[in-house]
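Have a look below at one chain only, the form predicted alone, in C-alpha cells format.
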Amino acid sequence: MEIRSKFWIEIDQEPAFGRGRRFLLEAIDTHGSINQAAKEINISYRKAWSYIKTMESRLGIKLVERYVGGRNGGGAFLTDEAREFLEKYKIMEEGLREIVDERFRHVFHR
C-alpha cells in the first residue's frame, strides 16, 4: 500500500503551476528548446507555449526567454526567476511529501 498526493498552485482559483508544468520547464532547461521539451513530455509546441504564457501571466514573472535564428536555429532558456521559482516549488513539494508520508505511517501504522 502506498500513498500518493498532488500539489499545485492556484491563483484566483485558476491553476498556475503544478508537476506537469514543472516537467515542461525542466525539459526546456535540459534541451534549450520549447519544441524539444514539448516532445519529451508528449504535448504539442502550441500547448507548451500556451502553458508558458499562462504560467507567466498568473505568476507574474517571466519564466522563459526565447531567441530566434542564427546558424543553429532558435532556442529557449529559463530565466533566473524561473530557476528560483522551480527550486522553491521543489522544496515545497518535498516538504509536503514528507508530511503526507509521515501522516500515512501514523494513521495506517506502516
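All values reported here derive from a predicted model rather than from experimental measurement. For the two forms, the rigid core is made up of the largest set of C-alpha atoms that agree within 1.5 Å on superposition. The numbering used is simple: start at 1 and walk along the sequence shown.
As for the form predicted in complex with a further copy of the same chain, it is not shown, yet the points below apply to it.
Contact check for Ala27, Phe77 and Ala82: none of the three has a heavy atom within 4.5 Å of a further copy of the same chain in the model of the complex. Residues of 1-16 placing a heavy atom within 4.5 Å of a further copy of the same chain in the model of the complex, in sequence order: Met1, Glu2, Ile3, Arg4, Ser5, Lys6, Phe7, Trp8, Ile9, Glu10, Ile11, Gln13. After superposing the rigid core, the C-alpha of Glu10 moves by less than 2 Å between this form and the one not shown. Once you line up the core between this form and the one not shown, the Cα of Glu87 stays within less than 2 Å of where it was. With the core held fixed, the Cα of Arg97 is displaced between this form and the one not shown by 2 Å or more.
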